[in-house]
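What follows is a pair of forms of the same protein chain, given separately as structure tokens and numbered structure 1 and structure 2.
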Structure 1
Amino acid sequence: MKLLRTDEMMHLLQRLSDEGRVFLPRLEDETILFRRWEGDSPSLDALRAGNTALPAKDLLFPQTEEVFRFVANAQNLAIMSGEPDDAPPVIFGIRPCDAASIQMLDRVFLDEDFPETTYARRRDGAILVTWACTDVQDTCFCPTFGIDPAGPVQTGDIHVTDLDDELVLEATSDRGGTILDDLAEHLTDADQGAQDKVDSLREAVRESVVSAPAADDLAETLAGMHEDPIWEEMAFRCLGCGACTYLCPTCHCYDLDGETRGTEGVRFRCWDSCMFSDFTRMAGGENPRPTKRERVRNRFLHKLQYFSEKHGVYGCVGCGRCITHCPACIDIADFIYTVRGADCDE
């Protein structure tokens, strides 16, 4: 554990910028979003406020990305690699929940059989500087999935705990260690006092999260609830707007589409949403998820049953964005309470 004076954070950012383009939370039009660091003094307010409005997902899995280009005419067809922006990012100030969500994206995009190369290049080189949560929102429920809101995360490289005048830095990977070694002249060793402050802060933050019960055997319970009336109840409220999927750090569904001008064209990949009615509609009109009931059920079960069955982890990190922004007040934490409440006495 090392200490860096908060007013010397620029040294850390400058060193990080040697590793790639640095992105950090920035206040923009009353919204805090990950934006490119331009070498200016970072906004502590943006770093210390609740989580960013959007997760950092698009830095690894861009909202739109070119897959390939082609030239097609009567005589010939040529397909060329796209020109994706696959430079790895440095993501500074990412919260533990969002950092944990990257493990879920890794499981999808870096599977053994068909790893996606552009994601792999960005991900392999990416640096994550995680930032301990201190301003917990009432929609946060990351401990449900075993995430420590102020603690370090497996996917991270450096973990920062903000003690106002000082930042406590912990290397959580070898690359993180090297970066901190290079900054030695600006760092001091954390003494017992700092260590104690970190420990008590972590505990206080953990206790401040009013969280749904642990998700231990949730998947097994849900496997028996495919025909439960709860799906109709939730679907009745759902507007099918797709905000939940757009804001979700673990949602990975996408569409492939194209644009053609004359004989030249491009095929691109862009985010899509399982909440849209045409998402699964087939040529000829058949739709295996014809109503909101099936679509809501698929989204919730994908997070809380299917992802767990397929990958061994839940596909939700309890960031709470879908709860905050759902126009119909559909609440996944509340849903877990209901399901677990029916299942146990906690």
Structure 2
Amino acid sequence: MKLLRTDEMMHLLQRLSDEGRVFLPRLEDETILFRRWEGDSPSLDALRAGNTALPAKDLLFPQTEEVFRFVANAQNLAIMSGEPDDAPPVIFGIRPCDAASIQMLDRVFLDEDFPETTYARRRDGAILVTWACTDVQDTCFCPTFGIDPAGPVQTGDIHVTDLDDELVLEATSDRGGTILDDLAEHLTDADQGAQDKVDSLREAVRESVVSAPAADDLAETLAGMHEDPIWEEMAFRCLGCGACTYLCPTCHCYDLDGETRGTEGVRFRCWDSCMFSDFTRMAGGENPRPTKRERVRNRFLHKLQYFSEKHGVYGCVGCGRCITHCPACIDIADFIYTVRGADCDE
């Protein structure tokens, strides 16, 4: 563990900027979002405010991305490959749940047989500087999935614990260690007092996450609930707006679409949502998920059963965004409690 004075954080950001474009939480129109760092003083209030409204996945898997452009006439067709911005980002201040979600995107997009090349280029050089949670929200339940809200994350490079006047820095990768070595003149070794503070803080944060239902054997339980009445009950409340999927750090479905004007056109990739009625509609008009019941069921089973069966981990990190922003107050943590046969107030 190394100590860096909070008022000297600029040294860390400047060193990170040598590795690529730095993005960090900023307050924008009363909303905390990841935005490009332009060399100015970072906002500690934004860094300490909890999770950003939108996850950091947009920096690795953009919401909209051009694939190619074309010009066509009666005689010729010219296709120009898109030039996606595949420069690896440096993501500073990402919370442990969002950092863990990138592991899940890696499982999907870095499949050795069919890698998504643009994602792979961004991900290969990306640096993650995780920021320990010190004040969790009521909707957080990341320990359900084995995520420590205040501790280091496997996918990270440097982990930061905020002790107000000092930041405790831990290298969690070789690349992170090199960066901290380069900052040696600004860092001091953490003494036993600082380490004790970190340990106490982590324990207090873990205890404060009260909404943490056990996820053990959840996939096996759900495997026998395909026709359970619970899906009809949840579908009755669902508006089908898709907000849960667009705010989710692990959702990765996308569509290919395009626009044509005269002889010129563009094809682009954009996020899609399994909650939309046309997501599974086929060219002939048939739809295997014709009602909200099937779509709600698919979303929850994909997160909590199918993803686990295929990849060995659940497709949820307990960030709570879908709970916070669902206009129908559908609560995935409450759902897990119900499936486990437990009281959601426990």
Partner chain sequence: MNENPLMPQVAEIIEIVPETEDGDVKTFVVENEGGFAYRPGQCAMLSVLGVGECMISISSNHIEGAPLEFSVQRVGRVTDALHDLEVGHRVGVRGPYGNAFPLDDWKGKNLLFIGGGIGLAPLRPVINRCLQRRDDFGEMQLIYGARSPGNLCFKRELYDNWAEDPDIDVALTVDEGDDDWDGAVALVPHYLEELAPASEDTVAITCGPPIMIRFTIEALKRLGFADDDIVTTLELKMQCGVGKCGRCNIGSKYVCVDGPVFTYEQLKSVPQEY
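In this text the structure is predicted, and so the values were computed from the model without any measurement. Here, a residue number simply tells you its place in the sequence of structure 1, counted from 1. We call the rigid core the largest set of C-alpha positions that still match within 1.5 Å between the two forms.
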*Where is the form predicted on its own shown, in structure 1 or in structure 2?*
2
*asked:* Quick check: S200 between structure 1 and structure 2 - does its CA shift reach 2 Å or more after fitting the rigid core?
replied: no
*Align on the rigid core first; then say whether the Cα of S81 has moved by at least 2 Å between structure 1 and structure 2.*
yes
*asked:* Once the core is aligned, does E185 move its Cα by at least 2 Å between structure 1 and structure 2?
replied: no
_So with the rigid core superposed, the C-alpha of T260 shifts by how many Å between structure 1 and structure 2?_
2.9
